[in-house]
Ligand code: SAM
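So this first bit is one chain, no partners, the form predicted on its own, shown in structure tokens.
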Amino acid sequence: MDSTQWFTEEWAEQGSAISLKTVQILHSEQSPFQRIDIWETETFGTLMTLDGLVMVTSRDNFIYHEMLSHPALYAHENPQSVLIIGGGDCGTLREVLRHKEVQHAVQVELDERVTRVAEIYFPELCASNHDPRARFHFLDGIQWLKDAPDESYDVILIDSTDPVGPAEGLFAEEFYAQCHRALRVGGVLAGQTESPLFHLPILQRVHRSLKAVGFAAIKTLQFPQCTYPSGWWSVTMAQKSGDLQLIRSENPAHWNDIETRYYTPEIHRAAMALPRYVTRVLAEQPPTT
């Protein structure tokens, strides 16, 4: 009898799913906020799921973490103070702290258990957790932004789960307004914005909200992420003032200091070339009332 076990995440609204062949479950717990499971898979290394949804795997997380962090940091001329909302697995924090210009990196994650479990099962992602520039706060990121002083950060990265439950507010216009207020002149915001194939209305709403709260430039980058819905993902960046030009990565003195596996200046530029159907939807104006 075949004893093969599979983890499956269904994308019911899209009539599709992803399955990963598993070896064993390594850890399972119910935190105050969600169910956290850790699996050993046959070909994707370690897998973390939250409430049955893929959060991170050892095999492909580097693409997501690099594309969320480096484009925003390289679009800022001197990113000294960085705020990460979410990011419980700490992979984004690790990428941020590769930049020598960063003096302070504050991570605000609602569920401390995600980070503590990641420290055990994803030590490579948590390699920079004891960097003296890193600060952790296990609190509500939305409230943190409301309490933040004006113009207190150079870069804000929103490393969130899907826009349901506690994470829904991280896609709201009110939240983006708080980000705009908390960013310094020239500050850059970047957040994951789901699949351009499965979730285009979300991406459209994010663009409209960022424009409504006053961001000067808004650009979406696309990239493959095979364990996320559709296998195709996006990050959307916005700059408080400026035009989101690559500033530092064009300088070899900066670029050569950081070793990446996916991100390059060429990938950055190419990722901003969006399919025609996406650009048409993003250019649509909301109906007048």
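Note that residue numbering begins at 1 and tracks the sequence as displayed. All values reported here derive from a predicted model rather than from experimental measurement.
Just so you know, the form predicted in complex with the ligand exists too; it's not on screen, but the next bit is about it.
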{"property": "Contact flag, Ala182 vs the ligand in the predicted complex, heavy atom cut 4.5 Å", "result": "no"}
{"property": "Residue contact check: Asp140 to the ligand in the predicted complex, 4.5 Å heavy atom", "result": "yes"}
{"property": "Any non-hydrogen atom of Gly187 within 4.5 angstroms of the ligand in the predicted complex", "result": "no"}
{"property": "Any non-hydrogen atom of Leu197 within 4.5 angstroms of the ligand in the predicted complex", "result": "no"}
{"property": "All of Leu50, Gly87 and Asp159 within 4.5 Å of the ligand in the predicted complex, heavy atom check", "result": "yes"}
{"property": "Contact stretch among 200 to 208, 72 to 80, 146 to 154, 101 to 109 - heavy atom within 4.5 Å of the ligand in the predicted complex", "result": "101 to 109"}
{"property": "Candidate from Ile218, Val213, Cys126, Ala167 lying within 4.5 Å of the ligand in the predicted complex - any heavy atom", "result": "Ala167"}
{"property": "Heavy atom within 4.5 Å of the ligand in the predicted complex - residue from Ile63, Ile38, Met55, Leu244", "result": "Met55"}
{"property": "Stretch 6 to 24 - residues with a heavy atom within 4.5 Å of the ligand in the predicted complex", "result": "none"}
